[in-house]
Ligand code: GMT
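For reference, the chain that follows is the form predicted alone, supplied as structure tokens.
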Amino acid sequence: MELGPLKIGISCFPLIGGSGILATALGSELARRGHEVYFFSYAQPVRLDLPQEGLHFHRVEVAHNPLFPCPDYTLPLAVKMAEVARSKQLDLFHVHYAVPHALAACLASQIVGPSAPRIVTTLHGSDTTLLGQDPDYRTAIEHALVHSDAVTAVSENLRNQTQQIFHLKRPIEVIPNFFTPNKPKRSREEVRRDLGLTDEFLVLHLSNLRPVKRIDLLLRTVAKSKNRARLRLFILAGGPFDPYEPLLDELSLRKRVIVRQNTAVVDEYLAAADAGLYTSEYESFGLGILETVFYAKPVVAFRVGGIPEVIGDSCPLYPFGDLTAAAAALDALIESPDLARELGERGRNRALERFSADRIVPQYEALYRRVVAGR
């Protein structure tokens, strides 16, 4: 028997990062499909567009009790999730990251009792690649994954890594990220004019600037370009750029780089760009790359992690750290608009075929229904 609309609680970080962006987009799409979606976080996610029918946000206050030596988020999160689960009779929690969200969901489930929502945990990378290596977190992550009713990963690469690190006996289902472009509010020409550009080749980088993104290599790649006088690097930063300021002067790139921080609306900048440049040491998926190719922009990136699953054969990828090859690829795009256009179109066609909301969201809905039906 087909189940009706579901009541789904989503817990995620509210920051500009792949997990928060994917969780927000998924919640919005689910609400459009008739489900009731309840978000839990310590701040409203940056791309959560409220009000929207079927979409609700519950702010979780971080506890600052003088009894404890440091603030606590996991317990208040669990209590809030349990309260809403009881009052709204939620069918399931979909939590993004095992720590702290899946752990909070496990505790909330114990608080609620037999009628507790089922738990779906999605891994985005940090649980495995960072916290999974830390003995202070490893056991907690394993506990959260074992006690989830279903676990998903955003790429085959991340699933394989997770299985190797945690030696899980349970299956992990791969459901990739998706992206839904929004119509830019400003034209390409208006945005470029606002950025002080004329006919320069605009190279975009979109990330949270964590160390794994290797912003040092990003800047050094641009510095090695023989066309550096013709290009501008535009960094949409989800974190502080301050640590890299000295490198701008060392590489004489001060006039070549534009930085905008914590910008939630990316579509108009993607439309204004000519290519994307990503130099990460590892990416479990690479949502910024997906957003870039959705706008038919060619991408220069290293062949690491889940990036090949996103790019396929639409654009060449290069060995990690080969800045000479990356700079040469950038130069080829600058010197050949036809090549840039061809690679961009190939990337967009692949993205539309594999990573649209219409393709990915039903996979989550099918998983939810299997999990809820097995209550």
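In case it trips you up, residue 1 is the first one in the sequence shown, and so on. Everything numeric here is computed off the predicted structure, so don't read it as measured data.
Not on display, but discussed next: the form predicted in complex with this ligand.
Enquirer: Does this ligand, in the model of the complex, lie within 4.5 angstroms of each residue among Y97, N208 and G286, using heavy atoms as the measure?
Expert: Yes, each of Y97, N208 and G286 comes within 4.5 Å of this ligand in the model of the complex.
Enquirer: Quick one: which of 191-199, 107-115, 83-91, 286-294 gets within 4.5 Å of this ligand in the model of the complex, going by heavy atoms?
Expert: Stretch 286-294 is the one.
Enquirer: Looking at T162, S148, S225, N177, which has any heavy atom no more than 4.5 Å from this ligand in the model of the complex?
Expert: That would be N177.
Enquirer: Within 4.5 Å, heavy atoms only, which of V154, V120, L204, L77 is in contact with this ligand in the model of the complex?
Expert: So the residue touching this ligand in the model of the complex, by this definition, is V154.
Enquirer: Although this ligand is absent from this view, report whether F234 comes within 4.5 Å of it in the model of the complex, heavy atoms only.
Expert: Residue-level check for F234: no, no contact with this ligand.
Enquirer: G125: heavy atom within 4.5 Å of this ligand in the model of the complex?
Expert: Within the cut-off, so yes.
Enquirer: Is the gap between T24 and this ligand in the model of the complex 4.5 Å or less for some heavy atom pair?
Expert: T24 lies outside the contact set for this ligand.
Enquirer: Whether R214 contacts this ligand in the model of the complex should be assessed with a 4.5 Å heavy atom distance threshold; does it?
Expert: Contact with this ligand, no.
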